[in-house]
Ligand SMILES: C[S@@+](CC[C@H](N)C(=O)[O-])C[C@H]1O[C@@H](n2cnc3c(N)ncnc32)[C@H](O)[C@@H]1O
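Starting off, we have a lone chain in the form predicted on its own, written out as structure tokens.
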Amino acid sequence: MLENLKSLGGCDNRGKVYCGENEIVREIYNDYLNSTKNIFDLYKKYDLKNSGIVKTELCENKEGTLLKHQKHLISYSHEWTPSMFKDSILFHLDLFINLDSYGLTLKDALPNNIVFNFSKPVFVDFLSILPIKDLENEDWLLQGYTSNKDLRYCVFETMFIPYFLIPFIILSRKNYSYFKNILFYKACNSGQNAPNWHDVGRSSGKSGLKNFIDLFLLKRSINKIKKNKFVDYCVEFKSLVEKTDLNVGSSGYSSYYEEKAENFNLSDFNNWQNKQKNVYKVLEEFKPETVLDLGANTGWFSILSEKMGAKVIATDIEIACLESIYSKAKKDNLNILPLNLSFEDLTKKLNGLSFDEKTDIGIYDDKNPIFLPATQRFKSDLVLCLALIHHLVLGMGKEIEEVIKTMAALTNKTLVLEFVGFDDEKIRQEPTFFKNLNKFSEQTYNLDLVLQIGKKYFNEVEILPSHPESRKLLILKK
């Protein structure tokens, strides 16, 4: 069984994780079989899935003892919206508080142990759960600490503060690019040093003195609440996080649909234009179970797809737009996962440390992925790429083939690609917005060329009208 599954990599001395078609399978190393069975018994006894721990079953067969987890979309903390990251912190603190009731805790406190079941965070690192008393067996925690100290504070100092709190402070200062980079390049087991207070200083645009005072007061606050009992410490920490304002404001794209008079009522087809009608027609015809909406803006087509029965991933680079989608998804319990992904992010990956059973340490392994590319994680039945290709090609200078090849890698069955021609009013009215416009001509960027390249990756192509007439919907089918 395991030899037919794809390894998800990682650096864990307790077991290996594999991805199946409908479940995540975890192989348990022999040294941890008994403790894993004991934790699973407590998981069932206390119904810990209601605390947000991934739904799990224990199976024993000829391959040994395996844990089978409910499969969720794999998203990473550097892809989440600000509110999602904040919710992941509050969820993690609640988990520590709830586990304390049963004499349990977590040996790790990392954002990458959480995924989002659309708008709901889920804890997936099952082997991180252990009795509080067993933390003293974690050698890496004992360095520099006395045995009579509650070692859960050590988990916070070595993991929660570097990987949750420090990125959160950077996020609160609205330095979104630094927030993404620090979570990506300094992720645990990346082989890089953990995020630290110097990173907070580097991320701030404030004067040196003001920045120093802010950090001093924050550290003093943390040290003050550390004197509490651990659960009270978590409660106080929650209060600090809850009071932090992450309002991202609006952007030039937040009112995109309103400005184009396209923020139509989803249940009233009468005023829809060709673009909306024909996307609806495609969704109705193909009935995709999964949809990837690239450049989703505030999510009109994402919500339409969800209302028609699909599970949706909505990507964009505009934080304000993604926050709007996340707010709607939470409020209405929609099966939509909003993620901050650029075109380059779709193929981006990172390798890191792998656990070596011989040396009992993590060593760098250029074949061990910490972060898998989106092209592997988000393959969907139908991909929507609406009003985007001209930004990628004429704006960013991407080759048409690079764009279509990436879209094909993300698509199981169908791609809906909206072609925007040179004569489009957006291009004519705002040519300076498209920085690479002068690198292309009607001979190197046209509908026929897109169709020609599209047929290299898809078996069938249908052309439908969009709006305005300078745009066409290409329905490319595998």
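We number the residues from 1 along the sequence you see. Bear in mind the structure is a predicted one, so any value in this text is a computation, not a measurement.
Heads up, the form predicted together with this ligand isn't pictured, but that's what we're talking about next.
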Counting non-hydrogen atoms within 4.5 angstroms of this ligand in the model of the complex, say which of Met396, Ile363, Val231, Leu246 makes the cut.
Met396
Of Phe264, Tyr153, Tyr256, Tyr176, which one comes within 4.5 Å of this ligand in the model of the complex, counting heavy atoms only?
Tyr256
Which one of these stretches, 235-243, 295-303, 186-194, 154-162, sits within 4.5 Å of this ligand in the model of the complex when only heavy atoms are counted?
295-303
Using the partner position in the model of the complex, report whether Lys180 sits within 4.5 Å of this ligand, counting heavy atoms only.
no
Is Ser342 close to this ligand in the model of the complex, meaning a heavy atom pair under 4.5 Å apart or at it?
yes
Is it the case that Glu323, even though its partner is missing from this view, gets within 4.5 Å of this ligand in the model of the complex, heavy atoms only?
no
Heavy atom of His391 within 4.5 Å of this ligand in the model of the complex:
yes
Heavy atom within 4.5 Å of this ligand in the model of the complex: which residues of 76-106 meet that condition, in order?
none
